[in-house]
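The chain below stands alone, shown as structure tokens; this is the form predicted alone.
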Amino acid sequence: MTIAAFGAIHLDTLAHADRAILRDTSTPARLTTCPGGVAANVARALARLSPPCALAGAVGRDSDGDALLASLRAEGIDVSRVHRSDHPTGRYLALHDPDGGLAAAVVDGTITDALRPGDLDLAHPALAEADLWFLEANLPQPVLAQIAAAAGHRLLAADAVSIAKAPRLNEVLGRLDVLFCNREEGAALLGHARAGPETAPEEDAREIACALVALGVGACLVSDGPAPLALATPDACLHLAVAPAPVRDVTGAGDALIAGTLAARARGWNVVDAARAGLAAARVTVQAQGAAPATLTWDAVIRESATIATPVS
């Protein structure tokens, strides 16, 4: 299968400090700049895992936008349908402690929030010929609805992105073949979809995954920090545990989970084995620096899959 990804395209600045980051003072660090944004990171990881991928989103008519498109194109991603906007290109700044953990992050996603139906040319062959579409909740709800309505026979996958943005997916839940979220995002989406009180704090990841499938999602993968990944389908509700890995950088781990899962689905794998491939891709990524590191290859995913425990129902 070929894949198209729709969503945020940012210029990321990543700071890796040599000591714990504190408030009200400066901290020595190494700063790197690279492409980012959920959809862009997923597309970059997919480019390393072989399936052809097109990317649709927005960048500004500025030097940052020019540089991003050139960098993404050099990685083998089709960016011919990226919208050029009058808004400045999106920016993301992340501060990492020496252990690779994320101390703080901020994002300016105004350019993606400003997208409207029609800005993305869904009929263009670069997008229309893809067999699997991935979208994410950085996109405004009307754009999400437009993409879901146009998906037709394709497999459609989505990422909830954040607690604040997850409810944007509410109106397209019944169309999603695969949904990725963490426990807090799933709870926010579930509470909104039920049009009642938010999900109770004691509701665990597996219960949330099963509840979202009951609302029409084809398969739901719910992460919960270091706890096992919950995977629900209409036929089963499972836990997938991962052996601990030495963490160098958590940047892009969730995006790698998505890319590994979609790459396996594009190869015809069933959803359980595909989720194991996604976890393996995330495990490879956290042991390197940045999203879509050079070490993220399909051979590496196959090797790391051996560390994923047999699913527990």
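Only a predicted model underlies this, so the values are computations on that prediction, with no experimental measurement involved. Counting begins at 1, following the sequence as shown.
Although it is not shown, the form predicted in complex with a small molecule is what the next lines describe.
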property	result
The small molecule in the model of the complex: contacting segment from 265-273, 278-286, 66-74, 24-32, heavy atom within 4.5 Å	278-286
Output flag, Pro140, Ala145 and Pro167 jointly within 4.5 Å of the small molecule in the model of the complex, heavy atom basis	no
Proximity to the small molecule in the model of the complex, single hit among Pro125, Gly225, Gly101, Gly118 (heavy atom within 4.5 Å)	Gly225
Contact test in the model of the complex: Thr89 vs the small molecule, heavy atoms, 4.5 Å	no
4.5 Å heavy atom contact, Cys237 and the small molecule in the model of the complex	no
Any non-hydrogen atom of Ala253 within 4.5 angstroms of the small molecule in the model of the complex	yes
Distance check, Asn182 to the small molecule in the model of the complex, heavy atom within 4.5 Å	yes
